[in-house]
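First comes one chain, alone, set out as structure tokens in the form predicted alone.
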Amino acid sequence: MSRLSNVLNSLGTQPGYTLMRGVARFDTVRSVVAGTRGMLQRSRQRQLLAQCEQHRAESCFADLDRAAFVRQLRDEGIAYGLKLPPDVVAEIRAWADQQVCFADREPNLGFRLADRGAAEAELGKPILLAQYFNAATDCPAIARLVADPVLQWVAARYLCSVPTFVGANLWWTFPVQAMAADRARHAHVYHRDVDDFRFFKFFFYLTDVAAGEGAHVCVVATHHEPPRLKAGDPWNIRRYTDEEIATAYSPQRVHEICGDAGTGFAENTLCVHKGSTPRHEPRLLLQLQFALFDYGAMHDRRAPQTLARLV
């Protein structure tokens, strides 16, 4: 009954997003909508690709083999090889150090990084995740990445259409003994996303991420091969246990993505994936999401007057 209540509430607050999620879980629907939009925007897409080519030298990723990157993303659901320059990492880190982040992505639970202990005492629980709001508009380095010509080129080619930037998210994950409810709330369990008829995300580590230290985990190519453990799994969107994924796929397909600060990759998060909790060091991650349509559900924009400090 609670699931039905959630759906009805979502229909009232985000009807377009909710209806899309209802039908976009089906392969045929995704293909028809994405293909139709691609045909309607073919001319505009070609113009965008040409503009990106003209400005390629201005990109942080000018040396990327873009065509191979897009092929890998299509085939495997994930593509590697992006690397942020150290000065860009430093600029985003400096911005984050000066800003207020928000526990559990709640706009009334703001605190500065140095005050995390006081914030946890006030909340009465460990903070697993804290996000910054308005990062794409307020942090110049992130704004430049959104407009980066190579990232725009990859988005246009992968989506086969003019890409729509639907949101940035910049967040810390902390090494805590998190409650099970918080682990589920912040997607530290295997799941699949249905964010549009065609979509994907760029991820960038802004701290060093070793094995077991908050690495993103992806099950390769599961955007083409979803789990088939229960009736309806190919189109049902649910959470999966570690044991279920170990039963459904070989260990070689489960990628724990590690790397030093600046490491980047792209992923179609229709693939089975999860976040993980670091054991010793906090992890800072930037996500940039591109799709066909913007339902207003994935962005980090909040009116400043709605944000409040916890401590």
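All values derive from a computational prediction rather than experimental measurement. Don't overthink the numbering: it's just position in the shown sequence, from 1.
What follows is about the form predicted in complex with a small molecule, which we do not show.
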Exercise for the section: Kindly confirm or deny that H191, K201 and G275 each have some heavy atom within 4.5 angstroms of the small molecule in the predicted bound form. Expected result: yes
Handout entry: Listed residue that, although the small molecule is not shown, lies within 4.5 Å of it in the predicted bound form (heavy atoms), from W171, F133, Y240, W153
Key = W171
Fill in the blank from the handout: Assert contact residue (the small molecule, in the predicted bound form, non-hydrogen atom within 4.5 Å, options A178, A210, A187, L123) equals A187
Problem - Per-stretch contact check against the small molecule in the predicted bound form, the hit in 201 to 209, 113 to 121, 225 to 233, 86 to 94 (non-hydrogen atom, 4.5 angstroms) - result: 201 to 209
Exercise for the section: Considering only heavy atoms, tell me if H216 and the small molecule come within 4.5 Å of each other in the predicted bound form. Expected result: yes
Problem - Non-hydrogen atom contact T263 with the small molecule in the predicted bound form at 4.5 angstroms - result: no
Practice task
With heavy atoms only and a cut-off of 4.5 Å, decide whether Q287 touches the small molecule in the predicted bound form.
Solution key: yes
